[in-house]
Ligand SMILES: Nc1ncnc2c1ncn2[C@@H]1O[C@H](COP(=O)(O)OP(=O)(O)OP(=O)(O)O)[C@@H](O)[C@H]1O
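Quick heads-up: it's one chain on its own, the form predicted alone, in structure tokens.
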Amino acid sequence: MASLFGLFKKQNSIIGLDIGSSSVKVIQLRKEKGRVILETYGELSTGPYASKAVGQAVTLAPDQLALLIKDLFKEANITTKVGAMAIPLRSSLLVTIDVPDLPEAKLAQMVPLEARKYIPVPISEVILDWSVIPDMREELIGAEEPNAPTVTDKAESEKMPKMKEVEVLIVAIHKDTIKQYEEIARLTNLEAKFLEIETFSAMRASLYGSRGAMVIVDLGAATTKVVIIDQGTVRLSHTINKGAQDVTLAIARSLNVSFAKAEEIKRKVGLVEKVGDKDLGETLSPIVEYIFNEVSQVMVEYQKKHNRSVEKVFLIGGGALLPGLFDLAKSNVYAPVVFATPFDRVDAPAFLENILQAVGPEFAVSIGLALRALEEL
């Protein structure tokens, strides 16, 4: 009789699984009387599962990832196998292109042809999606039309009419990537309701419906991802080939220690203290400054193209927690910089408040996934 009732029990707990290059994060949420409640969360490093050090970026085969995920679920006391998984930005493509403003049927023919210029594999090997980005000049009430043509300009334009263009966001994921994640779900008995590119999960958890021009900077182990979101839509995506692992390698070289020891020093000392007679700030600041100078350049280019200033920069990812990094970010980026606080979206015990505030940037993707999964229950 108990098992019979179990068939009709409503599933109200859900997990979000974020598989990164240096760690895997999971969060379990449930919805109760309109509230989103944190049940548990956890993280495991990928390095040891490839005989590497904690903090090293590695690529694990599906069976290795399955073993890690099973261990993570056990350590975090995960009680459900229903949820969603994030696809890393490195395994996908987000790009915006300008195309003529044509009827949807004609755009559907044109966009795949244009997408081939940006996708390094045959279109038949990817799952392709696209959407027209709304014209911000029409969305912003009271906004003036920039560069309005003079009478002479209008006369010239009548002689040489120019077709209106629209921006299109193209999303592409290789079919082999989808198959790999489906295999991971099978090996772990995970009922994955959907797969989502990590960028959209991070937006959901970090921005709280902000409509201005915002930037999410995701400081991962191997790379740093920069995404500009305006009016709630992804407008630009950029990857910087430096991340937290580069900081660890610089410490290892400077102090002549192993990667594992350097990672330990990085997490404890960061950019703010000396180790013996070595000032790590002098060694590490150029790497961090390079990252945020490139972030600033991306922001400037966006501003020039759209005449829109960035209102705020949100830091997420494990690399964002490097001691001293926040101050360097503030001094190298012209917009206000803040840590994302995704745990603000959930109800949790008061005694966990400080801990969740500290680790929040690491769990932005997994929380964003779980939030969407709860909505789709």
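Throughout, we count residues from 1 along the sequence that is shown. Quick caveat: nothing in here was measured; it's all calculated off a predicted structure.
This protein has a second form, the form predicted together with this ligand, left out of what is shown; the following refers to that one.
- The candidate stretches are 272-280, 219-227, 188-196, 287-295, and the one lying within 4.5 Å of this ligand in the model of the complex by heavy atoms is 219-227.
- Among the residues Thr233, Ser254, Gln245, Thr177, the one placing a heavy atom within 4.5 Å of this ligand in the model of the complex is Gln245.
- Contact between Pro48 and this ligand in the model of the complex is not found at the 4.5 Å heavy atom cutoff.
- A residue is said to contact a partner when one of its heavy atoms sits within 4.5 Å of a partner heavy atom; Pro336 fails this definition for this ligand in the model of the complex, lying far away.
- Not displayed here, this ligand is kept clear of Gly16 by more than 4.5 Å at the level of heavy atoms in the model of the complex.
- At the 4.5 Å threshold, heavy atoms of Gly319 reach this ligand in the model of the complex.
- Residues Glu263, Lys266, Arg267 are the members of 252-289 with a non-hydrogen atom no more than 4.5 angstroms from this ligand in the model of the complex.
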